[in-house]
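First comes one chain, alone, set out as structure tokens in the form predicted alone.
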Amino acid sequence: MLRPIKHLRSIRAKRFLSTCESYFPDEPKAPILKTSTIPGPKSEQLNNELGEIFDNRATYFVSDYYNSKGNYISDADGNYLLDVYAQISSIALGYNNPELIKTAKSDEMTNALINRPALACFPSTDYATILNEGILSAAPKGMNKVWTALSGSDANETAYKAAFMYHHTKRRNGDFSAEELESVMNNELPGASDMVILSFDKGFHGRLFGSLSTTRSKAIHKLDIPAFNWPKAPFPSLKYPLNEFEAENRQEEDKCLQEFESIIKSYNGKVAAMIIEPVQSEGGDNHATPYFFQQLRKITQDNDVLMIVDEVQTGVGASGKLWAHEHFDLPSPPDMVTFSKKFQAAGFYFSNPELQPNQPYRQFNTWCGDPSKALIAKTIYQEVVKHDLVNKTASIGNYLFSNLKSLAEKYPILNLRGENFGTFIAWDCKDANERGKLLLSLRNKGINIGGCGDYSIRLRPPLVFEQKHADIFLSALEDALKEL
């Protein structure tokens, strides 16, 4: 009789385990610090060796991914830091997640890795199944097609290409002319396009040539690189707390909307698409209200401009919705939604079949994505659904925001933003110098965290970040703020 009772207790205990504990029963209970500063001596030595063959000047510390676990990243010196930066928002299920390890060791993965296909020419027998059970199962409302790509920048650039080809195909209404075919080989009109992609001030969309022309976050990203002469529109600069500045913020958003529409009209039908992040991440975690995004959608539809929503950093649950633009209740879906980071794969969603060019080899490269990455994305999505991680992230985000709001009453946490937006939370420091001190202090207390914009700090934890992790972070933050 004892054996069944013991077994029943075991089952009950498992039910009450957190998602994180079920994945990582031996995750550290708190940061483990073995060196007085981070980076430690071994990390510095390895980084110096790396610097002889690879540009290492942006290195925080050298990481030991073999020993990292769950929400904790390990460095070369054996320190374990609670990671609320998560590879710039790219780790969804924690380090060394056992379900991802299973996928990595599967026959499907072996096949995808050692026989990596040129997908447009030689797609694998199982690629449609992989997409349908993973990336397409996660598609935003109103979208049922996907083009897979190699990175977030590539996802955006292929979306731009789709937009240009879509508009010119509609205008051409027939085959290419001899003049088009000849002139394009000299990068000249009419074969080349004089249409543009409109982006927003402080937006970030990548570092390839087309995506870099739409990136507006930091000058250092763009210096010395030839650029397309494409327009930018202003993005609202909201005042916080939002409930105290509703009238001022509405006035600011209306002003930006008027200028956005004015820019579109000044280009006389040559704006092929606009691209926007639900939250301008790299540019400072800048938010706008649902009203702003709803009006943008109406303006783009009225002016035959495609709307591309860049969810490279905001997508896959971090905002408390699977896709952050779901917060905005748009009057109709965007035309394209790009993704990468937390999916460990990249591409863009769409539904209009005319966004797929009507000749082969136009939207094309050797790989056109990567089945191995699509397999990882499939597992990530299935685990997110299985453990209800989007709703759990929304809940823990509310807990974090509430406690940060209390800290802001005592310490210089300025313009706290991201309420009801999952763990996609940020705040401003007084200046860049104060931010640098705070980030360094937190690192030496065992918290890996990052900044954005000129003087902001952002949270980007995995989807398995729970209250116990939040409490550790909040305690360390308060200690660091006391020392400023």
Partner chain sequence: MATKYFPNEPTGPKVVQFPGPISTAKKESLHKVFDSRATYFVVDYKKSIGNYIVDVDGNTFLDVYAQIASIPLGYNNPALIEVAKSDKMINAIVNRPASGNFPAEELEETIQDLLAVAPKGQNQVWSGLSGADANELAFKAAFMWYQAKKRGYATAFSTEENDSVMKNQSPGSPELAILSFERSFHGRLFASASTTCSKPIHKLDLPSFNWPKAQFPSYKYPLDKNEDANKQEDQRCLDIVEDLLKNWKCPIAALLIEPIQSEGGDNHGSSFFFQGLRDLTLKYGSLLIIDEVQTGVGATGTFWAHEHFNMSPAPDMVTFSKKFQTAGYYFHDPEIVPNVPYRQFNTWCGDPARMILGGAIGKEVKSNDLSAVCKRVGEYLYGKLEALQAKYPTYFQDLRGKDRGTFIAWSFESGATRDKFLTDMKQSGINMGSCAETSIRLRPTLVFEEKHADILLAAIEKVISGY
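From a predicted model like this one, the values you see are computed outputs, not experimental measurements. Residue numbers count along the first chain shown, from 1.
Separately, the form predicted in complex with its partner chain exists; it is not shown, and the next lines address it.
- Remark: of stretches 330-338, 94-102, 241-249, 394-402, the one touching its partner chain in the predicted bound form is 94-102 (heavy atom within 4.5 Å).
- Here is the short version: of Q344, Q295, N286, T379, the single residue with a heavy atom within 4.5 Å of its partner chain in the predicted bound form is Q344.
- Site annotation in the predicted bound form: the residue of N186, N268, N173, S262 reaching within 4.5 Å of its partner chain with a heavy atom is N186.
- Interface membership of K255, defined by any non-hydrogen atom within 4.5 Å of its partner chain in the predicted bound form, is ruled out.
- The closest non-hydrogen atom of E27 lies beyond 4.5 Å of its partner chain in the predicted bound form.
- Its partner chain is not shown here, and in the predicted bound form it never comes within 4.5 Å of any heavy atom of F424.
- Contact check for S281: every heavy atom lies farther than 4.5 Å from its partner chain in the predicted bound form.
- Of all the residues from 336-374, those having a non-hydrogen atom no more than 4.5 Å from its partner chain in the predicted bound form are S340, K341, Q344, Q356, P357, N358, Q359, P360, Y361, R362, F364, N365, T366, W367, C368, D370, S372, K373.
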